[in-house]
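Listed next as structure tokens is one chain, alone, in the form predicted on its own.
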Amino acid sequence: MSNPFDLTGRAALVTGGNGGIGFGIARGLAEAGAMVAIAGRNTAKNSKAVAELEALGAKAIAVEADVSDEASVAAMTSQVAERFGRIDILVANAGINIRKPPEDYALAEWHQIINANLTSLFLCANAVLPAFRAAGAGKIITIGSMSSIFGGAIIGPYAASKGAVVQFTRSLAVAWAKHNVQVNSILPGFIDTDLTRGGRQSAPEMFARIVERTPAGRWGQPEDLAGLAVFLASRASDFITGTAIPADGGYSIQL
């Protein structure tokens, strides 16, 4: 029996894949045999990510894109499909956060977060569907958050967007099952990335409490999400859809 986790010959598009969680997932997909397209707006980070994937022996490209802009997303998916000849996997990872109390957000900041985290998923998912339908199958992995489950005083718009990501994941899973497309969400716990290090430095006591509450006793690393992503991107998960799976070292299960 062939390896159900083998992604050889498959093409993956990872938005926000040039660093942090996105790159950890991109690396895992590449190690499983996939061709990987990194989508991001930082040219230098894109180039570095592609070089690291190529050093693993993977076929990799970078595409500069604004995933909250419909025309940019259309151009991105067209370029990936042209370079790889197909798109089999979408990892909708791109996102931002702005931390402040709810009453201090400007309306423009609200829209910025919602567009980057939620509208981008809507646009990217719809953009890859034609390629999935042509192939007769497809996999979408969305990236939620612990804030898909919990609230937080200074992450209102972010939490709203990440809760909606999970609900939209479920809706896509139901709508596109007829196209043999599986759609699942990963809910990362507290992961050590460039984006979270600033918060850890500014509020060390709060982040120490996170470790105390986490049964694994540590922060996660981007590579901790790779195995789950490979599973959800492979035929090993063909009968799993509409799920939201925490990858949090047990944070969400401990009182």
Ligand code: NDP
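As the structure is a prediction and not an experimental result, all values here were calculated from the model. In case it trips you up, residue 1 is the first one in the sequence shown, and so on.
What follows is about the form predicted together with this ligand, which we do not show.
Practice problem: Could you confirm whether I113 comes within 4.5 Å of this ligand in the model of the complex, counting heavy atoms only? | Solution: Heavy-atom contact with this ligand at 4.5 Å: absent for I113.
Quiz item: in the model of the complex, does M35 have a heavy atom within 4.5 Å of this ligand?
Solution: Heavy-atom contact with this ligand at 4.5 Å: absent for M35.
Self-check item: Interface membership of A94, this ligand in the model of the complex, 4.5 Å heavy atom rule
Solution: Taking the distances in the model of the complex, the answer for A94 is yes, it comes within 4.5 Å of this ligand.
Quiz prompt | Contact of N42 with this ligand in the model of the complex (heavy atom, 4.5 Å) | solution = Yes, contact at 4.5 Å.
Exercise. Given this ligand in the model of the complex, answer whether the residues A127, G138 and I245 all have a heavy atom inside 4.5 Å of it.
Key: Checked in the model of the complex: no contact with this ligand for any of the three.
Self-check item: Which of 26-34, 51-59, 188-196, 226-234 lines the interface with this ligand in the model of the complex (heavy atom within 4.5 Å)
Solution: This holds for exactly one stretch, 188-196.
Quiz item: What are the residues of 61-90, in order along the chain, with a heavy atom within 4.5 Å of this ligand in the model of the complex?
Solution: Those in contact are A65, D66, V67, S68.
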